[in-house]
Structure formats: structure tokens, C-alpha cells
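Here's a solo chain for you in C-alpha cells, the form predicted on its own.
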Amino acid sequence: MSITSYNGSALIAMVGKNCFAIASDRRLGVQFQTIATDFQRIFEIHETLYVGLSGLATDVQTMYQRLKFRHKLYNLREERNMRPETFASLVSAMLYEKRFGPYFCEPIIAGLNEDGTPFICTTDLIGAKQLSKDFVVSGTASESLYGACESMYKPDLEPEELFETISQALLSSVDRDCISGWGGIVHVVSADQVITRTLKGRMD
């Protein structure tokens, strides 16, 4: 068993027309035993930048605290928020410096640039970045998420259509992975608003 699949997770980010959506499941388990059904994997760094962390739950929380700390330091020094590309490089560098004893996290970074264009990217345990123009997935349900996203995704979706697409992809994928699921949470972020909705899925 891989340590990254100890708690189970499903994370997904998708690009729309001047917006993006990021979604995750809500289950925290120890292999097949469910511990909690409201576990947070998606975190707000600032109004238009979010990070999703799949993998070992303890490292998810540690990693978020360190990323938030680094962003606050940047904010104090530069007096501005971090751009998504800059934040992705920070995440990559943080993971790579711990490469001999890594955080067991596979982050997804999603944000909007100042001109409103969306940016999404994911990295592996040691910080190798993978940029994408459509969607990225992470977690134990990633194989079925890839299939669902490939079949459902269309470019330039409006926020409501994007919400529907990402929700259907998440819910249909976690049904095929027994250590993730138990509902989901979706954030749809555009320049002027953030829509957050909780999904009710199969509770088994």
C-alpha cells in the first residue's frame, strides 16, 4: 500500500471562460474505515488563488500551514498578492527541498491572473510541475477522474456550466473508488465572485 492512499482523496480543477472551478471529496478515512465526513482539502490562499492538497491528511494540514505562512510573508514584503505562477513555483520549491523525506501531498494550484485568465497546475510529491489548459486531477480516484473529465469537459464554459460539469465528473468518479467520496465541495471562482457549494453523494 502506498502511503499517499492511506487516507484516500479525490481532487479536480477545471478551467472555464475567465473562471475556474476546484472540487474535492469530503471523506477522511484510514483505508476502509471512515473517520470524518467533512474533511477540508481545498484552501483559500487569497480571493482568486486556491490550493487543493491530496494525500496523507497530516501532511495536508502541515503543508497548508506552511504555504499560508509563506504567502503572508510575501504579502508583507511585496505588499501585493502572489500570482498563481509564482505560487506554483513556491509550492514546487518547498516540495523539492524536502525530496529525501517528502510531504506525501500532491497539490493542485488554481488561480486567476490579473487579466482574468485562469491558471491551473499540479505537482507530484517532489515538486515536478504539470501545467494544463483544461483540467488537472489528483488523489486516489485520479484514474476515474481522468476518464470522466476527458468525456465531459468542453472549453470556455460559463461558471454555472462549469459547476455542473465538475460536479458530475467528481461524483461519478468517487463512486468507482472505495476510499474517497462521501459528498464533495466545489468552489467556482471568477474575477468578481466565488460560488461555493456542497455536494451530496453516496454515503457509503
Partner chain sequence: METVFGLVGDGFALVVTDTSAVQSIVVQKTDDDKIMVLDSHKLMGCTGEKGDRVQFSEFIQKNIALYHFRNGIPLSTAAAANFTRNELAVALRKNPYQTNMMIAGWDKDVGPSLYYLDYIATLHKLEKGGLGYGAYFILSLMDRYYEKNMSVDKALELVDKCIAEVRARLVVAPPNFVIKIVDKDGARTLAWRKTVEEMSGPPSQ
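Residue numbers count along the first chain shown, from 1. Just so it is clear, the structure is predicted and the values come from calculations on it, not from any experiment.
Omitted here: the form predicted together with the partner chain. The next part is about that form.
Student: Using a 4.5 Å heavy atom cut-off, which residue among Leu171, Leu67, Leu28, Met152 comes into contact with the partner chain in the predicted bound form?
Tutor: Only one listed residue qualifies here, and that residue is Leu28.
Student: Do all of Val136, Glu164 and Ser167 end up near the partner chain in the predicted bound form, with near meaning a heavy atom within 4.5 Å?
Tutor: Looking in the predicted bound form, the three residues Val136, Glu164 and Ser167 all stay beyond 4.5 Å of the partner chain (heavy atoms).
Student: In the predicted bound form, which of the stretches 34-42, 156-164, 142-150, 172-180 has residues with heavy atoms within 4.5 Å of the partner chain?
Tutor: Of the options, only 34-42 has residues within 4.5 Å of the partner.
Student: Can you tell me if Tyr74 lies within 4.5 angstroms of the partner chain in the predicted bound form, counting non-hydrogen atoms only?
Tutor: Looking in the predicted bound form, residue contacts with the partner chain do not include Tyr74, since no heavy atom lies within 4.5 Å.
Student: So in the predicted bound form, is the partner chain close enough to Val51 to count as touching (4.5 Å, heavy atoms)?
Tutor: Answer no; every heavy atom of Val51 is more than 4.5 Å from the partner chain in the predicted bound form.
Student: Is it the case that Phe87, even though its partner is missing from this view, gets within 4.5 Å of the partner chain in the predicted bound form, heavy atoms only?
Tutor: No, Phe87 stays farther than 4.5 Å from the partner chain in the predicted bound form.
Student: Is the gap between Phe119 and the partner chain in the predicted bound form 4.5 Å or less for some heavy atom pair?
Tutor: Taking the distances in the predicted bound form, the answer for Phe119 is no, it never comes within 4.5 Å of the partner chain.
Student: Only counting heavy atoms and a 4.5 Å limit, does any residue of 38-58 reach the partner chain in the predicted bound form, and if so which ones?
Tutor: Stretch hits, in order: Asp38, Phe39, Leu56, Ala57, Thr58.
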